[in-house]
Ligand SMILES: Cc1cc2nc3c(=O)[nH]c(=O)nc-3n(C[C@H](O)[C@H](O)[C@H](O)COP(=O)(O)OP(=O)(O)OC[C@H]3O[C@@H](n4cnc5c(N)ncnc54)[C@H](O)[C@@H]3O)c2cc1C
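Heads up, the chain below is alone and in the form predicted alone; it's given as structure tokens.
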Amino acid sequence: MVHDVIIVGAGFAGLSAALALRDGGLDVLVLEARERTGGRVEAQVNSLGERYDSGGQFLCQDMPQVMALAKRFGKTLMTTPVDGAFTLQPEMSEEEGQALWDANVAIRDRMNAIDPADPAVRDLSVWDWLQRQPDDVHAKSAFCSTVEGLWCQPTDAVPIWYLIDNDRRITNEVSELQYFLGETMHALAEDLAAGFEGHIHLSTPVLEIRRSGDDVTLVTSQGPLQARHVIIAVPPVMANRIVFSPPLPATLARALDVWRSGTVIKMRLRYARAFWRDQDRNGMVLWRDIHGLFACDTSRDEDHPALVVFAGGPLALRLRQSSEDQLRAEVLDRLAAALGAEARDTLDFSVRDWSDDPWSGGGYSDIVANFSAHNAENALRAGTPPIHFACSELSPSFPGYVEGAIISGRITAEAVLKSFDLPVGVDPRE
């Protein structure tokens, strides 16, 4: 049997593409290497028997696609608490903290005013560019912490032109941490997958893609499958591990080879009560003396107080070399210094290290780590039909987020549908 389209990857990009293609009348099959759908969105069950998001979690009102899906499937929007004081470590006065925040915003605005194609920044890393700025050491340190926390990379590995281009596409005016879903973001992925039941093969990694004539053969762990078109809906680093026969065109092969996966560890700490609110704190903590460490309140209600702690970039690389007891001790020591001794009294301490995930390469997303690869994203968006690419990294809006994955999947599906050149209402299988 030759399928119209086979999609590699059942994350939000792959599932969104699959549903758009099915609605367009095509025969679609989705192959997923994991034993579950969702990709970098994932839920686990902690020692208290509670299901929680161990992967992608947050959304906001400025992300229309994921917001619409949450409404469609009746998900509960939980508001991330913001009432109360934001905590900086080491501590600063409220006036000093506001000044630091304003300086951080000013650096970001100054950066985004630069044309990413400007030859003056072509060979500069974020670190190189930052050293040329007039800001004081504290403002620069806070900006580094933001970059390493959000992009999960050392600042000397990120081309400044890439960060500018990427950051310009993240256009929310409210915090991206505005909401999370009471049922988990992964439950939303499961809802999408349920609408495609019977057409998703789990635990089926794709090892090789062979193109011959008009058809494409995918060599999988479960045997070969054939399709007229293939959408590779996995992060670029993972797509680059697939063998292509014959090899991809040189431009496209280079475009796949320039990406680097982020390094992030996500921790969820459950407490008997939200003790930080006794101090009129909102649970958000940003550390200035250690880059890439951030905490926020993700309590579903008063009966389920919880903090999520993220460690990104070089910090995550260091922490993952520690034992779990050492990691736990360091995080609890820092939380206790920020929020009080009660931070040590956890009911559960769950850890998800995404840097060793075999099917994503890391988190939250891949970045272009080659300073001269200015056309890598465009090359992947164009693909080499009948082989196409879709992933959050390639989205024109909200790259690295669930929103971006949905958009990229739908855009690629539209391109594939056009290639079939179908009159409206005609089923290609007839």
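Don't overthink the numbering: it's just position in the shown sequence, from 1. Everything numeric in this text was worked out from a predicted model, so none of it was measured.
Form predicted in complex with the named molecule: not shown, discussed below.
Engineer: Spell it out for me: taking the named molecule in the model of the complex, does every residue among 33, 39 and 235 have a heavy atom no farther than 4.5 Å from it?
Structural biologist: Answer is yes for this spot.
Engineer: Can you say which of 205 to 213, 318 to 326, 113 to 121, 245 to 253 gets within 4.5 Å of the named molecule in the model of the complex, counting heavy atoms only?
Structural biologist: Partner-contacting stretch among the options: 205 to 213.
Engineer: Under a 4.5 angstroms heavy atom criterion, identify the one residue in 281, 75, 266, 186 near the named molecule in the model of the complex.
Structural biologist: Checking each option against the named molecule in the model of the complex, the one that comes within 4.5 Å is 266.
Engineer: Please run the contact check for residue 8 against the named molecule in the model of the complex: heavy atoms, 4.5 angstroms, yes or no?
Structural biologist: Taking the distances in the model of the complex, the answer for residue 8 is yes, it comes within 4.5 Å of the named molecule.
Engineer: Are any of the heavy atoms in residue 354 no more than 4.5 Å from a heavy atom of the named molecule in the model of the complex?
Structural biologist: Heavy-atom contact with the named molecule at 4.5 Å: present for residue 354.
Engineer: Although the named molecule is absent from this view, report whether residue 359 comes within 4.5 Å of it in the model of the complex, heavy atoms only.
Structural biologist: Heavy-atom contact with the named molecule at 4.5 Å: present for residue 359.
Engineer: Would residue 383 show up as a contact with the named molecule in the model of the complex if we use heavy atoms at 4.5 Å?
Structural biologist: Contact with the named molecule, no.
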